[in-house]
Structure formats: C-alpha cells, structure tokens
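The chain below stands alone and is given as structure tokens, in the form predicted on its own.
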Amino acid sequence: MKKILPALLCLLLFSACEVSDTGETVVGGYPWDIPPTKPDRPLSMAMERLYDNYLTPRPEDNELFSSFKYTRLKGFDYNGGDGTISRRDASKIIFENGKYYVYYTKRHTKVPPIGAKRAHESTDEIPSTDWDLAEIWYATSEDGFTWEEQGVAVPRPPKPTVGWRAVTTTDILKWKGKYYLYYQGFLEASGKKGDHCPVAASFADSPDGPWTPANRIIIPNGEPGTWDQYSIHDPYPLVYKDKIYVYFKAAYGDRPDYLVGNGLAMADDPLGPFEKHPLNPLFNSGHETALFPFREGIAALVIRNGNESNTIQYAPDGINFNIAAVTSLMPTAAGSYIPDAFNSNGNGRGISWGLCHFTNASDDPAKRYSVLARFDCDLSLDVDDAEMKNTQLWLKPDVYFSQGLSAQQRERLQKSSDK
C-alpha cells in the first residue's frame, strides 16, 4: 500500500500537467474561479491585457465600467422642431446657491442651418452649421431633470472681437471664488475654412453673471504645420495638482483622411498664459472632451471617432491614458456633474450623471437641430448600482434596422447579384 500511494500521487500530478507551446510545464489549466489578480502562469496576450489594462478582470466589478441610461429633459422649448432653435454641448454641471447650473450652446435663428458645404451662402441671419450664429446660454434645475432657462450668459461680441460670428461649446471653471467660462470663438461662418477657431473666455463673480469677456484669445492655435494649427475645440477645465488643466480637441489632417485627438494646456492663472503639453495629442481618439477626477488621476469618456472610441480611459498622472473599459451607447458631448472637479486633491470620486446632446433630433435634414438630454451611469466610487454594470445590451430590432443600407449600397449589391 505504501508503494501504491506515491505512484497514484505521481499519476495525478502528471495528469494535471500540460506542456505549453514554449515548452514550459504548466500545472493545471486556467482556474475556473477567476483570480482577481494575475495568476503566476503563462498567459495569452488577451489574458495579460485583462489584468494589466483593466482595473478588474470582470467589467461588472470595474469602477470605470458602466452602461448608460437616458432621460428626456423637461423645460426646454424647440419651436415645434422646425430647426430654428438648437441646444447642444452642455458644460460640466455645478451646484451653487442650492441648485444645479449648466451652460450650453444655443442657436435661435430665423431659419435652420444650410450646411457647411453651403457656408458661402450664409449671412448674418442664415447659419451655415448647427452652431453657427450661436451664443452661450444657461439654465438651472433643482433635480437635474426639469430645467429652467435663465437667459444668455455670453452673447456674441461686436465684430471683429474673437467670437463675433459665434461663441460655442463652453465649459466652466471655478477658481478662488470666481467663475470662468471657456468657449470656442468663431471669426467666420463654420465651413468656410473648415471649423477653425481658437479659445476665448469670460469671467464673473457669480454663476449667474454678469460675465465679462476677456476679449482676446486664451488658448491659441498651434504653429503652422502642427496638429492643432486650425482649431482648438471643446475647452474642458479641471483643477489638478493645484494647476488649471484645460483639455481640448482638434481634428487634424485633410478630410476625409483625418483624425480627432485631444490635448492639454496648463496654466497657473485662469486667463493664462497656457502652456501646451509636449506630448500632445494625449488621446488618439474621441470627438468630444469629457473627463473627471478619479482616484489620484483623471478618467475620460472617449466618445466617437478613432480606433479607441467607445472606451473609458484612465491616467494616474492625467497625461498618459490607457483603456480602462469598453462600453457602448456612450453619451455624446457629455457634461457631467462633478462635485470635485476643482478640488479633488488626488482623491477623485467619479461621476454618476450629466447632460449630453443628440444632433439628429429632426428626421428632416432641412430642419436640423440638437436637443439636450440627461444620462445616468455608475462611474463613481460612491455609487453601487448593479443595473449600471450590466454588460448585456438588448436593443429592439428597429434600432438595428434603422442602420439600413444606403441607396448606393443597394445599387452596388444589385449589380453584383445580376452578374
């Protein structure tokens, strides 16, 4: 019996051993019960990424993974959807004076936009794009669902001041008791030379204004030949490491062969001078800027455009971002409620809701306009919502069928089948 037991033990060990492609001996297969930390065994590149790139192996346990829910807002009028009123590009949401504040791009024109390709036909009353001839407005809310529009915050200044054609895509900074709005300042109708513009700013002692324009460029375009030479879009300020970080977007390269990336400009004073980070662009994807303090670093929603669209990314240093989660149906142009946007002190708590926009509110291309909406998620260390961690997204068939073939595609397929 004593001789049989060692033999059985050796047999069991031998049957549990495998030889990998590299010739290494591995005891057993990958565990049934998923290890929360990387196991000490050879792993495929995919399994290496599972532990190296993400906060947890399972998205359901990942504080930087979430699905998103959407709600129509109450309180905003769109003139019956005739395309003459548009609201888009909501700022971060702040809580002051017992209520929420949001700032956004509003266009209220006599006619809908005629399109960037017809920008040469635009006038002082006919907009080229959805954001042409726009101004910065603001609204307040007690619950984040019903909003009351308060009026214009930043009007278009007189020509030739920066922004005389349009002031759009704003975001807010609170710094040492004062408030600052950063925004795109257009000097010509969008579409005449692309979507070119620099960043301008206004400041106030109250979130209700009055807002005093700086009347100058705050973050300039890049040098000729550089990626941001024509546009600095979506200025997005955060306070990080006691400095003002303004993340921004630029589309670079000739269309249609172009990329959209995001960069960073830093300053000690809200009105500059700003110094652009030498590693710009910091992101290789993402059509809008939407970031928030998270733990010791910065997290970002990378929405649309590029190989890494539909991802949530994280940089412990606010500079070098890696993919932390992959998700779907992300909010477009997200303006989140971030209580610690200006004072996280290396302990960012994350986000759970905000406002976004939909740019295709009309089915009629001749009446194009945008609407604001609310999104909810669980990207917060202080929220535990299991429904928001659901990775199974079940959409009605009509959602898929709405992405049908174009007439040109149907014609191509018909010609192919006739051969």
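Counting begins at 1, following the sequence as shown. Just so we're clear, the structure is a prediction, and the values are computed from it rather than from any experiment.
There is also a form predicted together with a small molecule; it is not shown, and the following applies to it.
Give a yes/no on whether residue 276 approaches the small molecule to within 4.5 Å in the predicted complex, heavy atoms considered. Residue 276: no, not in contact with the small molecule in the predicted complex.
State yes or no: in the predicted complex, is some non-hydrogen atom of residue 195 no more than 4.5 angstroms from a non-hydrogen atom of the small molecule? Yes - in the predicted complex, heavy atoms of residue 195 and the small molecule come within 4.5 Å of each other.
Does the small molecule come within 4.5 Å of any heavy atom of residue 87 in the predicted complex? No, no contact at 4.5 Å.
Wondering, does residue 107 line up within 4.5 Å of the small molecule in the predicted complex on heavy atoms? No, residue 107 stays farther than 4.5 Å from the small molecule in the predicted complex.
Tell me, please, which stretch of 137-145, 319-327, 339-347, 178-186 lies within 4.5 angstroms of the small molecule in the predicted complex when heavy atoms are compared? Contact criterion met by 178-186 only.
Please pick, from 174, 287, 295, 99, the one residue with any non-hydrogen atom lying within 4.5 angstroms of the small molecule in the predicted complex. Here the answer is residue option 287.
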